[in-house]
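One chain comes next, on its own, written as structure tokens: the form predicted on its own.
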């Protein structure tokens, strides 16, 4: 087990899913100030679906990307500012705007078999001096060899790091370790891991990733995030402290800023029935709120919607299919 690990905090990006993207810029600045003081080296900011995500399809955020970035940029002193860009949702123009606020890292997120759609974005980021990360989502949907193949594509485009992402919280530790090892053997870049908690394994899977060679991992205060949330930052820091792994993060200060977040959250982050269904089915984490709304509208069980979305091997961006599935289930129920 390595003795030093980089933790990227995604509370102010992935955590936005858990509050329906309704944090205010002032709240983001307050949390960012606390994370900066706690020694968190990198924080990711924006709509839950990244740059350009505020929309009818993905849910409107309380404020614009520019307002969030301006607020956080003015609040941090030492922390590196990071954004997520999903090609097709965010654009290079969005990234150019973000760079005006001191963004130094961009994670270009694609489906695990579609790294090629991120080539242009990785190239642009490197041309402008950013740290560029290839972020392979829904990694459970491809075998280790395929994940490694896609990682090599990102490496060929100039990426500085490869992330293996368990977007659905569907993997168990052996799945994570196999994919991290495969990527480690295929590329010469640092490897990261982002894990959701739908099966209650976010911390365990993160440790498995580190054991297999990951040098960077994600976490969020109070475990905030899409679906069942992510590895909880304070817990992960405490666990790594006990294991003698250096994170550079002050545990008490991280815990204290978590209390600030308690006063902002709509509800505690838990593994709800729908979130568990996402992990069990391997459905995309961001589908949960859409499935709840569709279930209520058509009088069906949201778990059945999510299980069917997983069976159909749907991916992020196919939220429209949730309504089709709900309608099909409602018709079947009436038959």
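Under this definition, the rigid core comprises the largest set of C-alpha atoms superposing within 1.5 Å between the forms. In this text the structure is predicted, and so the values were computed from the model without any measurement. Positions refer to the first chain, counted from 1.
Another form, the form predicted together with another copy of the chain, is not on view; read the next lines as being about it.
Practice prompt. Flag residue 304 as yes or no: does it have a non-hydrogen atom within 4.5 angstroms of any non-hydrogen atom of another copy of the chain in the predicted bound form?
Written response: Residue 304: yes, in contact with another copy of the chain in the predicted bound form.
Discussion item. Considering non-hydrogen atoms and a 4.5 Å limit, does another copy of the chain approach residue 234 in the predicted bound form?
Written reply: Because a heavy atom of residue 234 falls inside 4.5 Å of another copy of the chain in the predicted bound form, the answer is yes.
Worksheet entry | residue 268 within 4.5 Å of another copy of the chain in the predicted bound form, heavy atoms | Looking in the predicted bound form, residue contacts with another copy of the chain include residue 268, since a heavy atom lies within 4.5 Å.
Discussion item. With the partner left out here, check for me: in the predicted bound form, does some heavy atom of residue 199 sit within 4.5 Å of another copy of the chain?
Written reply: Close contact exists here: in the predicted bound form, residue 199 approaches another copy of the chain to within 4.5 Å, heavy atoms only.
Discussion item. Within 4.5 Å, heavy atoms only, one stretch in 23 to 31, 268 to 276, 55 to 63, 291 to 299 touches another copy of the chain in the predicted bound form. Which?
Written reply: Going through the listed ranges, the match is 268 to 276.
Fill in: Listed residue that, although another copy of the chain is not shown, lies within 4.5 Å of it in the predicted bound form (heavy atoms), from 204, 213, 123, 144
It is 204 that has a heavy atom within 4.5 Å of the partner.
Item to complete: Let me know the one among 74, 241, 91, 156 whose heavy atoms come within 4.5 Å of another copy of the chain in the predicted bound form, would you?
Response: Comparing distances to another copy of the chain in the predicted bound form, the residue within 4.5 Å is 241.
Worksheet item: Taking another copy of the chain in the predicted bound form, which residues of 243 to 266 have any heavy atom within 4.5 Å of it?
Response: Residues within 4.5 Å: 243, 251, 252, 255, 256, 259.
Worksheet item: C-alpha of residue 28: shift of 2 angstroms or more between the shown form and the other one, rigid core aligned?
Response: For residue 28, whose C-alpha is compared between the shown form and the other one after core superposition, the shift is less than 2 Å.
Worksheet item: Comparing between the shown form and the other one on the rigid core, is the C-alpha shift at residue 310 2 Å or larger?
Response: Indeed, residue 310 is displaced by 2 Å or more.
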